[in-house]
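Here we start with a single chain on its own, the form predicted alone, put down as structure tokens.
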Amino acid sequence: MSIELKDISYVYMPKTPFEHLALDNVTITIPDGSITAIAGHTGSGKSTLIQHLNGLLQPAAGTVAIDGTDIWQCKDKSKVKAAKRSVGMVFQYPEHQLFEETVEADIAFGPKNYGCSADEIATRVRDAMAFVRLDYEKYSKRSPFQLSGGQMRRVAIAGVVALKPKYLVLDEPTAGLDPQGREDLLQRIRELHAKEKTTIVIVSHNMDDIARLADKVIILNKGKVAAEGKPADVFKMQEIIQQAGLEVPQITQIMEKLQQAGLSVNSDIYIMDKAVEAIAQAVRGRSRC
């Protein structure tokens, strides 16, 4: 199954002097089990797009189907509710959404509203805190507002992970994090995908993060899909990427520079391990000549 958006358009402040077409006839599919990246510069429409994935925004035109359920046309309210609940959303700077008195209460809020039992809630809270690497004994009774910015973000992410969504949408999850914090969070995302088979949608303008995570990339530019496909194929579309206000991954840029300098390497490489292997092989080949 999958999330399918077909011919989606969305207009902010319609029929006013400030009317703005944010999405223009967008059609995309989020495959079940994938890590799909949606990339675009500020104003490209990517944040507007993801708010359609679980019905936070209703399109001016087009259809949104979650695992075959059209969330705006289906008459079975229970099916629509279940479909929307299968999509968990972590917004940019999610720490701004914290509101409970303790870390434990904040993470438990969603499962409690879903009607989970007390034992199930307790288990989910502990598992979610373990996932984001926050020690339960140390942090569960503390106020989330006494934590560091990075720790607050972990609490916010844990609150969504505790819902156990089939689809997890992360809007600029590494924004503002230091290199170690970014690396740790990306590793947690990979582990969640591998262990729980959670479908991940990551929204970012950081193509290096995307290169390390995604198996599908969608480029948005001015509310339209500019490119879509496997990372290796999309990263070749350098002109389209640049027009969208983005840059190809740094590893790809390095490989291009080495190729231009005369080293026999493939410039399409965007993963570090493969780049190191290709460079070593090229250097060995040159030394034998």
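This structure is a prediction, so every number in the text was calculated from the model and none was measured. Note that residue numbering follows the sequence shown and begins at 1.
Below, we turn to the form predicted in complex with a small molecule, even though it does not appear here.
- The stretch in contact with the small molecule in the predicted bound form, judged by heavy atoms within 4.5 Å, is 37-45, chosen from 258-266, 59-67, 231-239, 37-45.
- Glu172 is the sole member of Asp209, Asp106, Glu172, Asp184 with a non-hydrogen atom within 4.5 Å of the small molecule in the predicted bound form.
- Among the residues Arg124, His205, His193, Lys216, the one placing a heavy atom within 4.5 Å of the small molecule in the predicted bound form is His205.
- Using a 4.5 Å cutoff between non-hydrogen atoms, Gln92 counts as a contact of the small molecule in the predicted bound form.
- Taking the partner from the other structure, the small molecule in the predicted bound form has no heavy atom within 4.5 Å of any heavy atom of Ala275.
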